[in-house]
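Quick setup: one chain, the form predicted alone, written in structure tokens, and binding and motion questions come after.
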Amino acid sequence: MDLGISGKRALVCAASKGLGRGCAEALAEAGVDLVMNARGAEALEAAAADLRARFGVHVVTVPGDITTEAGRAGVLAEGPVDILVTNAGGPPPGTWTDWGREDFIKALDANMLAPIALMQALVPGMAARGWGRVVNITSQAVRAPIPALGLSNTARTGLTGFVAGMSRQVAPQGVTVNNLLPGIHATDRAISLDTAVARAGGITIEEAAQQRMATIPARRYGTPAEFGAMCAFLCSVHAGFIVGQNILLDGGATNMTM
């Protein structure tokens, strides 16, 4: 399918690996030029070089922590974009009694306020030009909270509430804003969570992964490539009637009717 976005320009956050890399790759394959951000400069440039070579798109790299004001200033200095994909690593797991005010503030800064700041900076330009796409990578936890991820549950649900309101306000200007809710995918985040389970249970990481896969109807973890394909579709000309939605990509793990 021709996504109709060749020649558009996208900012993809945390794009050197994992789900962000999957999104960047799918957009590059569709002919979208990229501004790629991630904290690790070496991995970021390696990913960008690969996409330039494979797809012939123009790629700018901006290393930095997107959850900080300085990190956001770096990517915003690269100018306007037509597509924004927000993404940042989730806060550490734990128990609800473990966290204090500063823990919650850090989680809110990273997983709620940072994407809001990027939208506030970039969406007005999209609206003025009459077209734009925003995809926020959040979590399945906003539909069904995960007990060990209370900080993520809190921050990402706050972002979801913000998007529910603002997405309807910018849709008349041709800008769609939606959220992608990943379950467990084969990324560093999965390794981190499986490692914590393995340590707590006195089992191997492989055993922890198999236990988690057994709870997923698809009986496997998702891949960054299939996640990226959904992201690219939401950014396409075919998705202009999808507004303010929260789309689960979790292999059926979240057990709900609607």
Ligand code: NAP
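So that there is no doubt, residue numbering starts at 1 and follows the sequence shown. It should be emphasised that the depicted structure is a prediction, and the values quoted were computed from it without experimental measurement.
In what follows, reference is made to the form predicted together with the named molecule, a form of this protein that is not presented.
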Using 4.5 Å between non-hydrogen atoms, is Gly64 touching the named molecule in the predicted bound form? yes
Quick check on Leu118: any heavy atom within 4.5 Å of the named molecule in the predicted bound form? no
With a cut-off of 4.5 Å between heavy atoms, is Glu78 one of the residues that contacts the named molecule in the predicted bound form? no
Val163 near the named molecule in the predicted bound form, any heavy atom under 4.5 Å? no
I need the one stretch from 24-32, 187-195, 50-58, 202-210 whose residues put non-hydrogen atoms within 4.5 angstroms of the named molecule in the predicted bound form. 187-195
Within 137-158, which residues come within 4.5 Å of the named molecule in the predicted bound form, counting heavy atoms only? Ile137, Thr138, Ser139, Arg156
